[in-house]
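The chain that follows stands alone, in the form predicted alone, written as structure tokens.
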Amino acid sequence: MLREGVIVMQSIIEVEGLEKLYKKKRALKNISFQVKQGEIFGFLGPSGSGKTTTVKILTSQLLYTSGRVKVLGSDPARSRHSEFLGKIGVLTDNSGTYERLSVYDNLALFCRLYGVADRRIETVLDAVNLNDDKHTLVGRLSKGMKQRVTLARTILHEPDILFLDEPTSALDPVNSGRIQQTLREMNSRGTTIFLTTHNMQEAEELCDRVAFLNHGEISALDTPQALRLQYGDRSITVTTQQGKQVVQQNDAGANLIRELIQRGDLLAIHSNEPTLGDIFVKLTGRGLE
């Protein structure tokens, strides 16, 4: 479900029949999808499935072989580069920083490039939990802290669309939660987020809709809840006061629940909905690592 207060309008990303060939290898195979303004859209799959290739095409870092792509109403490959980049934020595996500069000076440099006031730096450092380290040289930071510096730089100019490629992959649970909260807050203010990840729990918590990418092809696309309902076995697990667990299909489970309630023997009821990871494995036969 979309966050309260977010108005979904036209498609802000449109992809139709997209293909990418590296020499003779097809990295993307005729993929099509749309992302609505105000969505958090998850592009999910294991390493090597084509997620990063897609992001680089959508952000004008890579040319595609065939198909049609529109981001913010125009083809990224043909957009006025500086104007286009001013409207998007990109976090990918090659989003570098200047290691001989402090965290603060890195962001100050990009403030000048984006035409953003320096007072914005404190806000983004707080969002990624780095205010206490703002005077540290980036080269002395851990991998996870460097990733947070890069994310701070990515959101510095409050872009219309955020393209995030595995944004929490190097982070501990506390900082992952902090970043996820920041993304929710930005989304509630209207920022569209295109999130690639193989972390299905993160996708369940953040995304309005998800697409499963497997060997360069989209295997499924829908809301997490719709996918769980479509591919689940619609069963429940009933636990009695004695700790016995019984799995029943939903239609048969009602009679058992009624009987246990009448006997005062019902302890708990759990719906056996699959996770997104379970569904991905069912559709593709592959794990997510």
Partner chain sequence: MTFSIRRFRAMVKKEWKDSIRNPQILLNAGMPILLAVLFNQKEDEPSDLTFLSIPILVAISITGAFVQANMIAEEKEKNTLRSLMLSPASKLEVLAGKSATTTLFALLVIAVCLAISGVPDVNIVYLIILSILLLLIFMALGTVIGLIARTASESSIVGLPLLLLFIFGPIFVPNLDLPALMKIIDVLPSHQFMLAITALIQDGGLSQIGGNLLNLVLWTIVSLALCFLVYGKKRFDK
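All figures in this text were calculated on a predicted structure; none of them were measured in a lab. Numbering follows the first chain given and starts at 1. By rigid core we mean the largest C-alpha set that fits within 1.5 Å across both forms.
Absent from the display: the form predicted in complex with its partner chain. The rest refers to it.
Within 4.5 Å of its partner chain in the model of the complex - does that hold for a heavy atom of every one of His81, Gly86 and Tyr114? Yes, the whole trio is in contact, each within 4.5 Å by some heavy atom.
Could you spot which one of Arg100, Lys143, Arg119, Arg189 gets a heavy atom to within 4.5 Å of its partner chain in the model of the complex? Selected option: Arg100.
Of Ser235, Thr239, Gln61, Thr223, the one that lies within 4.5 Å of its partner chain in the model of the complex (heavy atoms): Only one option qualifies, and that one is Gln61.
In the model of the complex, Gly96 touching its partner chain (heavy atom, 4.5 Å): Contact with its partner chain, yes.
Please check if Val90 has a heavy atom lying within 4.5 Å of any heavy atom of its partner chain in the model of the complex. Judged by the heavy-atom cut-off of 4.5 Å, Val90 is in contact with its partner chain in the model of the complex.
Applying a 4.5 Å heavy atom distance criterion, does Arg148 contact its partner chain in the model of the complex? Judged by the heavy-atom cut-off of 4.5 Å, Arg148 is well away from its partner chain in the model of the complex.
With a cut-off of 4.5 Å between heavy atoms, is Lys56 one of the residues that contacts its partner chain in the model of the complex? Yes, Lys56 is a contact residue.
For the chain shown here without its partner, which stretch in 126 to 134, 181 to 189, 106 to 114, 196 to 204 has non-hydrogen atoms within 4.5 angstroms of its partner chain in the model of the complex? Of the stretches listed, the one contacting the partner is 106 to 114.
Just give me the residues of 139 to 156, first to last, that have a heavy atom within 4.5 Å of its partner chain in the model of the complex. If the 4.5 Å heavy-atom criterion is applied to its partner chain in the model of the complex, 139 to 156 yields only Arg153.
Following rigid core alignment, is the displacement of the Gln147 C-alpha between this form and the one not shown equal to or greater than 2 angstroms? Yes, the C-alpha position differs by at least 2 Å between this form and the one not shown.
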